[in-house]
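Consider the single chain below, provided in structure tokens and representing the form predicted on its own.
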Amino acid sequence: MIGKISVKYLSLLVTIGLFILMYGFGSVMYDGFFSPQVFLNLFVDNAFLCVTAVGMTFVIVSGGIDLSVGSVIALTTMISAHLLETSHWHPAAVIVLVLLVGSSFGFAMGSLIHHFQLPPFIVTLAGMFLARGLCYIININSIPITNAFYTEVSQFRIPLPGHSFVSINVIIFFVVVIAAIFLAHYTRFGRTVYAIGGNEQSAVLMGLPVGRTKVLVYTINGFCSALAGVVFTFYMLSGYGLHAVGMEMDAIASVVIGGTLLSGGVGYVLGTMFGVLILGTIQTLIIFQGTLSSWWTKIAIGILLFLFCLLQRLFETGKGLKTQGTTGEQKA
């Protein structure tokens, strides 16, 4: 039983261990790295990435992919900025609207993928171009947000012991992670998502609502992308068509580094959170080092992705060999 559990959670344990190792290395190498605020800044500065990566986790666990999340985040910031600064909408109405837009965007893509049996890569690639193009229809320039509510939320700090603090974005971060863990591991929907990612044909034969679940997965991801856009708007206080360029790749990297198999069927929301923290730790290490270009962040992420993809392949191969050995023993 212990062996089975350790194998099942091995990729998650590797991710958590890597984060502890990297943060411990920074604490030893650089003065002030171990301070509470530096640690909390990993959450403050990466809350929007974690929110969208959580939605991406459900998509990848189901065996799909979504390339539109960065563009949906940018579109959310542009709609928010335009309605707040030009049309003077109430902030609550703006937030509700952009969440509906993001959810509808995901629902439309999920429906196309399911009903027309289209590849998720192509559908979400089209969604990426569509959302990014809509940003420039609204405005080709950056729109600063001066709305009092957004400014207050952006500047609001929740004090913690040790003269440290977190922002409201961090609260949203943890609420989303906790809700996603419950949804993934304690509901019928979550079990169906894992079943679809493991073997979609088997899930159909089991009588599971495969089509409805796949559409709902992309709808949830669209909602998470829009919510990440709201968090990003609080963080940046502006709307711009070039916001979140490439963030879909950061989200996918966080999910994979967090232990989720790209082939689907295996993944952990908690692992995704640690994947985001690893990316944030890499950025912080480069900042503290002081002489390296920020592009070294991408290089480090690329190396980690290669290693984790290789690790996943070794797990799959080992599992296959173990299954073959068990079958041979039964036949004997």
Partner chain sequence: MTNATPTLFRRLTSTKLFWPLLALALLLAFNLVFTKGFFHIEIKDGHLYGSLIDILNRAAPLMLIAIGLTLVIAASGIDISVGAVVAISGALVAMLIGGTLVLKGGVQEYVTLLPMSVAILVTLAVSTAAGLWNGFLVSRIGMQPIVATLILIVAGRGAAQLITNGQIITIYYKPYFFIGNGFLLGIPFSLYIVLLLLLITLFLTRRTALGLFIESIGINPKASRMAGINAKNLLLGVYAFCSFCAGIAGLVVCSNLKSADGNNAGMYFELDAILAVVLGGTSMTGGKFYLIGSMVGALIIQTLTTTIYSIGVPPEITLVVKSVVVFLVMMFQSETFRRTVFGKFTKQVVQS
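Every value quoted in this text rests on a predicted model; they were computed, and no experiment measured them. Numbering follows the first chain given and starts at 1.
Below, we refer to the form predicted in complex with the partner chain, which is not included among the displayed structures.
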Checklist entry - Which residue among I16, L10, M22, C309 has a heavy atom within 4.5 angstroms of the partner chain in the predicted bound form? => result C309
Checklist entry - Among the candidate residues M206, I140, A92, I158, which is the single one with a non-hydrogen atom no more than 4.5 Å from the partner chain in the predicted bound form? => result I140
Item to check | Segment that reaches the partner chain in the predicted bound form - one of 270-278, 35-43, 22-30, 288-296, heavy atoms within 4.5 Å | outcome: 288-296
Item to check | 4.5 Å heavy atom contact, G133 and the partner chain in the predicted bound form | outcome: yes
Next on the checklist: Quick check on L125: any heavy atom within 4.5 Å of the partner chain in the predicted bound form?
Outcome noted: yes
Checklist entry - in the predicted bound form, does A184 have a heavy atom within 4.5 Å of the partner chain? => result no
Checklist entry - Can any non-hydrogen atom of V170 be found within 4.5 angstroms of the partner chain in the predicted bound form? => result no
Checklist entry - Looking at the partner chain in the predicted bound form, is some heavy atom of each of H82, S87 and V166 within 4.5 Å of it? => result no
Item to check | Within 235-255, the residues that have a heavy atom no more than 4.5 Å from the partner chain in the predicted bound form | outcome: V245, M249, I252
